[in-house]
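For reference, the chain that follows is the form predicted on its own, supplied as structure tokens.
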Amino acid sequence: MNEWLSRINRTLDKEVKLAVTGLSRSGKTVFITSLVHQLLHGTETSHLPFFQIANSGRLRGTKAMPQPDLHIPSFRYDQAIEQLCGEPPRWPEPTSGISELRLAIRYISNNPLTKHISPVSTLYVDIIDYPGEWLLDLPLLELTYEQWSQQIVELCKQEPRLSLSEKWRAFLDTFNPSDNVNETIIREASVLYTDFLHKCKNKYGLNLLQPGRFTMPGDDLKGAPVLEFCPLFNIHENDDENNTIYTEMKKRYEYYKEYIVKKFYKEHFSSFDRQIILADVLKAFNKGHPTFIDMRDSLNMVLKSFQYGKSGLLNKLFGLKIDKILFAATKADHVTPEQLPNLETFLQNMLANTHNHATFEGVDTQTLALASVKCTQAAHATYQGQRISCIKGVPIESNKPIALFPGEVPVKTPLPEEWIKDRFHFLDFKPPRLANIHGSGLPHIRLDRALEFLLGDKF
């Protein structure tokens, strides 16, 4: 009964399921916390000028409601906002699995067909938070174990993966894939491969890490045998016999695709209406050209998967119809205000090719630079007699505010030789101290534009 009611509400624009994910350390938890806080306080201030329902005075209020899916962990907004508004304030702890939160947004209807019958309407918004690592598993569904192994082989021929994978690759040379099944060898190989993925993520900020559950398993899969496999090099046709290391690795890979990846998309993606994907583009500038290439390829892989024509993977497998996707470059407060158009344009250029295909297939996409919680202020300084723009904030590893010019954001991708050391040095900052957080929305940059794109057409 509840499922049918939900379908009716979605058909009548009474319910929206908004999926939120992000590439590694992109600020997903902060984004959801700020979005919820902006809506809860949307009637109290004019902090959402581009969110038309709030700006026009039609927003009557927002209230947190019991979530519809009782088997999904709750997004702990209360804990996150307490951390942000503490003394001293701190960034909320990141989530490690899927979570959900429901909001009821009450508003004055602007629909000429219904506003005279029921002038006040309610839109239910379910916000589903899940790791971006899981999203990057989707392309595995179109790859055989052999094809996937070959892709990893090619990736590991280039730095930094070449050096980071050395210990794992050396272990692969100690056994033959056609050897009889040996659980100790399989477990050790998977541990070394997982360690390699963690190094890629933590040291270089790489995102294209598959399988995604190896670095972000969620509480339900920690220690499960389904996460004990890895790619193999030098696979030969005559290795494909029963009870070999190769066939066991292949079996677990196929099981992972069928019961972990497909299950996640069938259970959750079939109900998603809108999707936002967050990316910390500035991190890629700091880390260098290989990290940028990795982020670009990851984002384009995601966008390609979301194409909804007859050839679109999600449509072929699950009949999904997510109609809007927002790609957001986070931490827009870490650059000077005049650099915001550059940050946005750079992200657009990163996605240009696959973006055109997605829009052709009917997906409404947008790219946006935003800051979920603004933790710097615009400032000016004089350098060699010239007045220059700066930002002022408290660096994450300091207790004293500083003013600095963080550097220019290029519009086009620099050539590999132009990624010289220390060309980019975008700092991370502590959250601001907030005196009256319960009387107004969190300070932000362009979060109201994100709300308008994702929800504005529903009011």
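Given the structure is predicted, the values throughout are model-derived calculations rather than measurements. The numbering used is simple: start at 1 and walk along the sequence shown.
Although not depicted, the form predicted in complex with a small molecule is the subject of the following passage.
**Q** V373 near the small molecule in the predicted bound form, any heavy atom under 4.5 Å?
**A** It does: once the small molecule is placed as it appears in the predicted bound form, V373 has a heavy atom within 4.5 Å of it.
**Q** Taking heavy atoms only, is Y107 within 4.5 angstroms of the small molecule in the predicted bound form?
**A** No, Y107 stays farther than 4.5 Å from the small molecule in the predicted bound form.
**Q** Report whether the minimum heavy atom distance between R25 and the small molecule in the predicted bound form is within 4.5 Å.
**A** Yes - in the predicted bound form, heavy atoms of R25 and the small molecule come within 4.5 Å of each other.
**Q** Using a 4.5 angstroms cut-off on non-hydrogen atoms, would W148 count as touching the small molecule in the predicted bound form?
**A** Judged by the heavy-atom cut-off of 4.5 Å, W148 is well away from the small molecule in the predicted bound form.
**Q** Report the residue, out of R296, H334, H355, R274, that has at least one non-hydrogen atom within 4.5 angstroms of the small molecule in the predicted bound form.
**A** In short, H334.
**Q** Counting any non-hydrogen atom inside 4.5 Å, which residue from T95, Q210, Q339, T194 sits next to the small molecule in the predicted bound form?
**A** Checking each option against the small molecule in the predicted bound form, the one that comes within 4.5 Å is T95.
**Q** Which of these stretches, 198-206, 119-127, 345-353, 326-334, has heavy atoms within 4.5 Å of the small molecule in the predicted bound form?
**A** That would be stretch 326-334.
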